[in-house]
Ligand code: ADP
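So this first bit is one chain, no partners, the form predicted alone, shown in structure tokens.
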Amino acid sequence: MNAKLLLTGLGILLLSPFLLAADTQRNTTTKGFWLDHKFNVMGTQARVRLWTKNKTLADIALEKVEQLMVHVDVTMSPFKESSLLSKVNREAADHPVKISAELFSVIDQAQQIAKLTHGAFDISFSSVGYLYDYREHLKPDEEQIKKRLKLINYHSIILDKKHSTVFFRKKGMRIDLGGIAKGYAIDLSIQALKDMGIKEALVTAGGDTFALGDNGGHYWKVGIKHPRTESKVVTVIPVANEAISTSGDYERFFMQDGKRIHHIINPETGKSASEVQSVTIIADRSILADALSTSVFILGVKKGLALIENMKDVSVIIVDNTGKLFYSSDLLNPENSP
């Protein structure tokens, strides 16, 4: 039985998804024990929880995961002036900027998702998005948005694989990997744990989680919280060897004139997407789940469901702006899923 079959039995209880890695019920025994590690990175708290029989190896593994996530942050943060991504934003409109194979790969995957979603996922949203300051409750005015909206166009991001360069066709363009970098960091971390022989682990960063193994046959439990009631957990999703990502309008936001101004920007308008409150994606890779949860949030219910229905081994749960819940068909009818 897989997680999708188990999820169906809980479907009636699911309200508004926000992911929080729940504590496992598996007990420590003489055969092994759990180790937990939490740290702040990429603007959020990351957590690693793993089962081990070798504490020395586990300590090395936990340190390795933190190092990898910090590395991704240092390389791909648009808020760190010294990052390679910041260099791209400063120089790529003037000349092709040579970047690492790693950064090239992440941008390339972002471009593939952009094509798949017909621009709903577009890392050049930052051309307008950088004008928002959620801590200071600031947003661009209509004139600022109108002036810069034409800069949002993933077709204007030119990648040269042979020379490992990125170039912007338009002056003033900026990119932001916030919708895909955490997923990449988690995949990187999970691969490192596998390479070390770790078979049971949970790695979480913000709304992104990967559950490695099946928690000793008990399945990992990922709690789903209501987006309007932070402390409320309405149910859990049992998963094994799967990535789960939630994008919600409650992660970074402020209220202004009765409207919720949040960080998920619709590339067509330069404003916060407003059709849904929350999107949860279940997939085999965190980088894919991360990007698709943002994509579906922007596409909305009808187009978002249509996108996921045409993808193999990807599931979605959507809560629209009225609180109504929608599932991909594989969750409603798992016997008919591929």
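This is a predicted model, so every value here is computed, not measured. Note that residue numbering follows the sequence shown and begins at 1.
The next section is about a form of this same protein that is not shown, the form predicted in complex with this ligand.
- For the options V236, I157, V97, I264, the one in contact with this ligand in the predicted complex, meaning a heavy atom within 4.5 Å, is I264.
- Exactly one listed residue, out of A120, L212, V166, V106, brings a non-hydrogen atom to within 4.5 Å of this ligand in the predicted complex: A120.
- Using a 4.5 Å cutoff between non-hydrogen atoms, A46 does not count as a contact of this ligand in the predicted complex.
- In the predicted complex, this ligand lies farther than 4.5 Å from every heavy atom of E242.
- Among heavy atoms of I282, none comes within 4.5 Å of this ligand in the predicted complex.
- Proximity of K182 to this ligand in the predicted complex falls within the 4.5 Å heavy atom cutoff.
- Heavy atoms within 4.5 Å of this ligand in the predicted complex are found in exactly one of 97-105, 202-210, 157-165, 143-151, that being 202-210.
- Heavy atoms of every residue among S247, T294 and I298 are located within 4.5 Å of this ligand in the predicted complex.
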